[in-house]
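The data below hold one chain only, encoded as structure tokens and taken in the form predicted alone.
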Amino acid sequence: MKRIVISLLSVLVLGLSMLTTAAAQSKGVVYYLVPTLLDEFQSGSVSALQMFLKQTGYEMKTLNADNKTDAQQSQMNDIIALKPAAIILAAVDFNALKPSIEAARAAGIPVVEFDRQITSTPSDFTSVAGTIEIGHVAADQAEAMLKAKHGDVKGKVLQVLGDPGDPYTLDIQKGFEEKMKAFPGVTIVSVPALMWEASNAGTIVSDQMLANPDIDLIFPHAAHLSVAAVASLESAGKKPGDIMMMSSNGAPVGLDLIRKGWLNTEVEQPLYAQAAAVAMFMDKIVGKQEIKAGDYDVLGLKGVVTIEAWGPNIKIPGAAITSDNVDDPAFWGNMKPPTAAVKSVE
């Protein structure tokens, strides 16, 4: 009987020890509010953030707003009551979420803006792609394609934006159009696909092909919109190469369209690096420590931290993907996550 009691006590002590060790390994729970899981970038961001945050000691839980602003506002209110270590927010609507961000920070909960920059109120950290720079890269690609077709940089471009409440698409538009101003022979027709719905993009392409049959280049701001654009072109009897096309996030479907000849260029949004940057700085974010401006190596890319009016902001560059480099495993669309673990910035 005495041996049984001793054995039970040993099991209990071992169990408590394991629980203590597990608790010590976790630095806290971080909530990620993803705007939607309809496209591969958003679903990929969940797994990437979870992987990198685990490497730096944090548990992550995700809530999906299904592209509904009121749902995301309600989620923010619920999470504030739970007092997590931090909140990562990819806002459905950057204006509507401002009061929720302010309420979380007033409750002492750090807020990180991921992918969708919010400049109207301070946050504790922002990790974004260089979206205006993505627009510049896209403009360079458009310049080369139009010149190759016409012998000069001229023609008509259909730009299919995402939702106009998302600064990601607005910044790409800004960067693209400001660089294309150098070419007065280029006409740009810009139409938003509300709620980033692929079906909306397909309708836009169908309608614009009737209204503007002389379109040379179609530029949807996400690969999943390009899929719908291709479907509309096929319905109109077009074949790969009949109309030039490029996109701007580097999703697997975009890379597949390059391989099939429909897409000339995909300007990558560096998903893995954006997520890794959040994990690298999470200790400082949670500890409310100073984040210094400067250059940081993020998975081999040069991330630049600046201190803005809205807080520390890291920008990470994208790159143009073409048929020449489409199989490079460094691009997140090839679904080969980095094997090297990230480390917290000291």
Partner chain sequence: MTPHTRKSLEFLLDNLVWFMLIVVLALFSALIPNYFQIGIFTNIIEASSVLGVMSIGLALVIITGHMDLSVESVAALSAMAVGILFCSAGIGLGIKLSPEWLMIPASLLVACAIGGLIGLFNGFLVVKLKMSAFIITLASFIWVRGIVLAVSGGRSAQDLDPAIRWFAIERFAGIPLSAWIAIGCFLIFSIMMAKTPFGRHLIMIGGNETAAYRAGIRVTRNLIIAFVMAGAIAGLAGWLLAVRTSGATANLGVGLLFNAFAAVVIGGVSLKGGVGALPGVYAGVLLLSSINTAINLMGLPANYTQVIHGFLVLAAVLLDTFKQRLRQRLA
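Residue numbers count along the first chain shown, from 1. C-alpha atoms forming the largest set that superposes within 1.5 Å between two forms make up the rigid core. Just so it is clear, the model here is predicted, and its values are computed rather than measured.
Beyond the structure shown, there is the form predicted together with the partner chain, which is absent from this document and is the topic of what follows.
- Distance criterion of 4.5 Å from any heavy atom to the partner chain in the model of the complex singles out Val253 from the list Ala139, Ala104, Met244, Val253.
- Contact with the partner chain in the model of the complex, judged by any heavy atom within 4.5 Å, is made by just one of Leu194, Val128, Ile215, Val153: Leu194.
- Of the candidate stretches 87-95, 130-138, 270-278, 222-230, only 222-230 has residues whose heavy atoms lie within 4.5 Å of the partner chain in the model of the complex.
- Using a 4.5 Å cut-off to the partner chain in the model of the complex, each of Ser199, Asp207 and Lys260 places a heavy atom inside that distance.
- In the model of the complex, Ala211 approaches the partner chain with a heavy atom inside 4.5 Å.
- For Ser43, a non-hydrogen atom is located within 4.5 Å of the partner chain in the model of the complex, even though that partner is not displayed.
- Residue contact check for Thr56: none of its heavy atoms lie within 4.5 Å of the partner chain in the model of the complex.
- Though the partner is left out of this view, Leu161 does reach within 4.5 Å of the partner chain in the model of the complex, counting heavy atoms only.
- Residues of 29-45 that come within 4.5 Å of the partner chain in the model of the complex, judged by any heavy atom, are Leu37, Leu38, Asp39, Glu40, Ser43 in sequence order.
- Core-superposed comparison between this form and the one not shown: the CA of Gln73 stays below a 2 Å shift.
- Ser120 is not among the residues whose C-alpha shifts by 2 Å or more between this form and the one not shown once the rigid core is aligned; its shift stays under 2 Å.
- In the core-superposed comparison between this form and the one not shown, the C-alpha atom of Val205 has shifted by at least 2 angstroms.
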